[in-house]
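The chain below stands alone and is given in structure tokens; this is the form predicted on its own.
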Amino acid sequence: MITELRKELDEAKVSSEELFEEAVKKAKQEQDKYNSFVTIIDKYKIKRRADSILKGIPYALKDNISTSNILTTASSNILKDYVPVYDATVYRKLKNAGAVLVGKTTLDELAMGGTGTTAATGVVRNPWDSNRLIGGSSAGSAAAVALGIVPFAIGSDTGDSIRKPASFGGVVGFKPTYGRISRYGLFAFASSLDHVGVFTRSVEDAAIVTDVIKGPDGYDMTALKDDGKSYKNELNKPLTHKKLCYIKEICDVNEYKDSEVIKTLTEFHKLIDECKSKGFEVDGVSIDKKLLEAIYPTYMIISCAEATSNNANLTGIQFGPRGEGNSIDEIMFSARTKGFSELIKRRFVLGSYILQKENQEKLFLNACRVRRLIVDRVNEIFKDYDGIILPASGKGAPSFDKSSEQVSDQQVILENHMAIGNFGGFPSITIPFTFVNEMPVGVNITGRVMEDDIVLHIAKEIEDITGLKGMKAGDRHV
């Protein structure tokens, strides 16, 4: 992990070049089996005058984050040859800190998906079991950390695209408050929902990386002023915010028939009891079932509409391979037909339908109203509680042959509730908490906006309870 590597570097037990070469070697060794990377960097490059805890530490970056002079494809054929001429702010900050980029990681095409199976370069496999998916869209970043190739990786999260793969991969996934990390240079999916975040193998490492990459940015009008806190240092102070709640309608074991989901929820309630024994106050609260059932369709309507607008420039003219045709319309039609997968085309068709003038009131604006109702209810809960704790997934990662199976309406709620964190811009973190059938499952903590330090601190306390810190694929729960 980062603190251990920092100590070894400072004591000259290992060099930064050696760490980089080891990471590149392992990335290449594991690439054919797991497909974590779109691009692996062969040339060691570091800002030697940097003065940061991350100086000399290797890391990976999701391939929808702009890197000048480095291929950046968003795992889409329409951008397969795109090399940006500018750096994303998060990449620039990491370079300035002296962190060393190992590679650009695979994602669901254009970050639209939750399986890690729709990249133009193929599926990403779960390091714990290569017959299972890792989740998405930040699939490669999660896999690279779970494999131990790098101690941290950067991802993006629009619905749960960091926190769900973290659950499936047995690692930590943190999405801070909306705007805490600049989105400049992140390829926009749904701008009102998009967050930049981090994968690590401990909560402390998540705090360390966030300390480096957070802060204001003149290139991003939504970026927040720096709160002036060191999240790492805050972890060492006594935790006074220890009042949590879970949503009863999601966590009622009797509502489910799937044996693995029942096992997960049983273990979750055991964790709640352990938290109480360690001084947490944890209660069950209710949210109207209609609001919970509306989370997924609300997310799909808003995200597809915003994605259609944001990606209107991917025409084969401004970006992407030139299509065939005798007119602009024919060229664009050809390029987009060949350049996008079926999933992306379906989402763009849906988004275009939602944005048609005659449908905007009924679909898009109503979805925005429902989003506000959900956020208002969660903010009411946060008047009494410091965080909401819930299973990040109903069970371990599904196998590829079962990933498309229908689930109950109740399980749809269980698997999609983390979009609430994007609806309200709340800081939200997933950490490992148990194993079900030898596959890791995470627990998620979501807190008030601007209280990223408190969410991290709560997660650190719970990490100490579970004892599942620093895991890599292959480690087994004892």
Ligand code: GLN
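Since the model is a prediction, treat every value here as computed from it, not as a measurement. So that there is no doubt, residue numbering starts at 1 and follows the sequence shown.
Form predicted in complex with the named molecule: not shown, discussed below.
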* in the predicted bound form, which of the listed residues (Gly396, Gly114, Gly351, Gly185) lies with a heavy atom within 4.5 Å of the named molecule? -> Gly114
* To do: Name the single residue among Phe340, Tyr91, Tyr178, Phe189 that comes within 4.5 Å of the named molecule in the predicted bound form, judging by heavy atoms.
  => Phe189
* To do: Choose from 233-241, 267-275, 159-167, 315-323 the stretch whose residues reach within 4.5 Å of the named molecule in the predicted bound form, heavy atoms counted.
  => 159-167
* **is_contact(Lys214, the named molecule) in the predicted bound form, heavy atom dist at most 4.5 Å** => no
* **Touches the named molecule in the predicted bound form: Tyr299 (any heavy atom, 4.5 Å)** => yes
* Taking heavy atoms and a 4.5 Å cut-off, does Arg347 contact the named molecule in the predicted bound form? -> yes
* Asked: Do Ser137 and the named molecule share at least one heavy atom pair within 4.5 Å in the predicted bound form?
  -> yes
